[in-house]
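The chain below stands alone, shown as structure tokens; this is the form predicted alone.
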């Protein structure tokens, strides 16, 4: 099925209100999730909403929480997300960082104890709108590990995201936003729900042997997601674990910490004003020249053209804004079940499901 973005946003925000969120926070979270769907990142879209409702019900997500500043050293700020909606506290922390970077030229923000932050690129795009460069290291804690270290057959890490964003004058920013695993676990869940296989190199079974079957992540003995780029992705995942977790959140995947089935993100975010370095004008000139140089590359056989990070998402957004967002039957059924669990009125559920 395909569903219009506006309808999906309204349904998802009503879902979160029924679960106990204030309308403004519910709308902000729903818009973030649906935008991820629009940009083709279904793994970070509304497929996450049922787990959010479940965590609200279990007391792992406070739908009314907002940030608290723990330490303020001017250009360095430590913020607690108080297990609030990541999409809400993540935006609040980013706004604090942008303001400090505007004042000081640079800001380093640590955000700890945020519920699932969603698509990290959204926070980088906020910085780019303010003409700032940003770099984000994120770790994931609160549930069992999913990713095997390089040369390992057992799960030890999470899909720890890394993001870097550069603004462009009168053009959309360059957005590198990626899991350090070969594939985001949400994409495995999307494939599992849709009854599809996973591409080569993404998964191993419990013996460490390659597999294309997403069921290995939902059965026992379980398999594991692989890091991208062999030891390179593994090394970057480890740095996200140490910088986002140990440095900022003081909470990593090592087994001293409880794994109760929730999903918490800790993020180290560095925001820089290009003006205090080589100057914005020179920076933008070099960005434009490099992008033009890359776009001018002769495409490889079978490819239409060379793209820069962020362009595939914008192309998908343009298509889905017109055609609607594709949802498989299993994901839609899980959303309707979550609506019931949240306490949404049967008449309202029927309005959306008809």
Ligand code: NAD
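Just so we're on the same page, rigid core means the largest C-alpha set that superposes within 1.5 Å between forms. Numbering follows the first chain given and starts at 1. All values derive from a computational prediction rather than experimental measurement.
Absent from the display: the form predicted in complex with this ligand. The rest refers to it.
Comparing 210-218, 97-105, 252-260, 111-119 against this ligand in the model of the complex, the single stretch with non-hydrogen atoms within 4.5 angstroms of it is 111-119. 179 is the sole member of 89, 179, 225, 79 with a non-hydrogen atom within 4.5 Å of this ligand in the model of the complex. Of the residues 50, 309, 324, 63, just one reaches this ligand in the model of the complex with a heavy atom at 4.5 Å or closer; this is 309.
Residue contact with this ligand in the model of the complex: residue 140 places a heavy atom within 4.5 Å of it. Among residues of the shown chain, residue 313 is one whose heavy atoms approach this ligand to within 4.5 Å in the model of the complex. This ligand in the model of the complex is approached by residue 175, whose closest heavy atom lies within 4.5 angstroms of it. Remark: residue 41 counts among the residues lining this ligand in the model of the complex, judged by a heavy atom distance of 4.5 Å or less. Within 4.5 angstroms of this ligand in the model of the complex, the stretch 264-303 places a non-hydrogen atom from 265 alone.
After superposition on the rigid core, displacement of the C-alpha of residue 79 between the shown form and the other one stays below 2 Å. In a rigid-core overlay of the protein, residue 93 has its C-alpha displaced by under 2 Å between the shown form and the other one. Annotation for residue 127: C-alpha shift under 2 angstroms between the shown form and the other one, rigid core superposed.
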